[in-house]
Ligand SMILES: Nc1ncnc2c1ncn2[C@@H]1O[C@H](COP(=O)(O)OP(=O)(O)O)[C@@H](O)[C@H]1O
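A single chain comes next, written as structure tokens; it is the form predicted alone.
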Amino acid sequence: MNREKALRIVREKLTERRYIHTIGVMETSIVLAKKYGVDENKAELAAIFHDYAKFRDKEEMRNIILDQNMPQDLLTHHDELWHAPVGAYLVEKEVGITDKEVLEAIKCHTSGKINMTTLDKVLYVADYIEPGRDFPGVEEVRESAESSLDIALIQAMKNTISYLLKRNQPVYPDTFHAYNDMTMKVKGRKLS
């Protein structure tokens, strides 16, 4: 699917602000894909559709999680997580994208997972650092992404976990597992 067609499809599902964010994620994903040897077309497609289900009705997303036997613990955590796995499902069913790597990157872009592929990491980090993002810690992650995708990913996850803990919010288990998995893989490298 070409970029123009993909953007036309997704634009109908997003607010103007979220569409601008999606363009930023797309552009950042392409830059990171080039830098870290990922298929640029896959990175672009995953980025364009990463928030496809962001504004779907919560009850519809809940029903898809139940009907499609997605992890039930999603339902006990913040519904902000739901659009990623539900989005991957809907992108396949409604848009017809069947590339498993693209769908998996969409699926885990909010939580991370153990054994993330480089495409998964590119989308996760691009979503975190795209130019429209402005919050404490984002500049450090942007700087890290220049030299190490893994370190940038770890910093982004650490910042997210810390943000949730400071607000007494639960952290989705996949995020802890992904963080632990990544820190073990880069053991010996500077993490701060």
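Numbering starts at 1 and follows the sequence shown. Worth saying up front: this structure is predicted, and the values here are computed from it rather than measured.
We do not show the form predicted together with this ligand, though everything after this point is about it.
Figure legend: unbound chain with this ligand modelled from its position in the predicted complex by local C-alpha superposition. Site open, with zero ligand atoms within 2.4 Å of backbone or C-beta atoms. At a distance threshold of 4.5 angstroms between non-hydrogen atoms, R133 is in contact with this ligand in the predicted complex. Although the partner is absent here, M70 sits far enough away that none of its heavy atoms falls within 4.5 Å of this ligand in the predicted complex. This ligand in the predicted complex comes within 4.5 Å of no heavy atom belonging to S144. At the 4.5 Å threshold, heavy atoms of H21 reach this ligand in the predicted complex. Note on the interface: of 34-42, 136-144, 155-163, 59-67, the segment with non-hydrogen atoms within 4.5 angstroms of this ligand in the predicted complex is 155-163. The putative spot formed by Y52, E104 and K107 is not touched by this ligand in the predicted complex; no residue has a non-hydrogen atom within 4.5 angstroms of it.
Residues E80, L81, H83 are the ones in 80-95 with at least one heavy atom within 4.5 Å of this ligand in the predicted complex, listed in sequence order.
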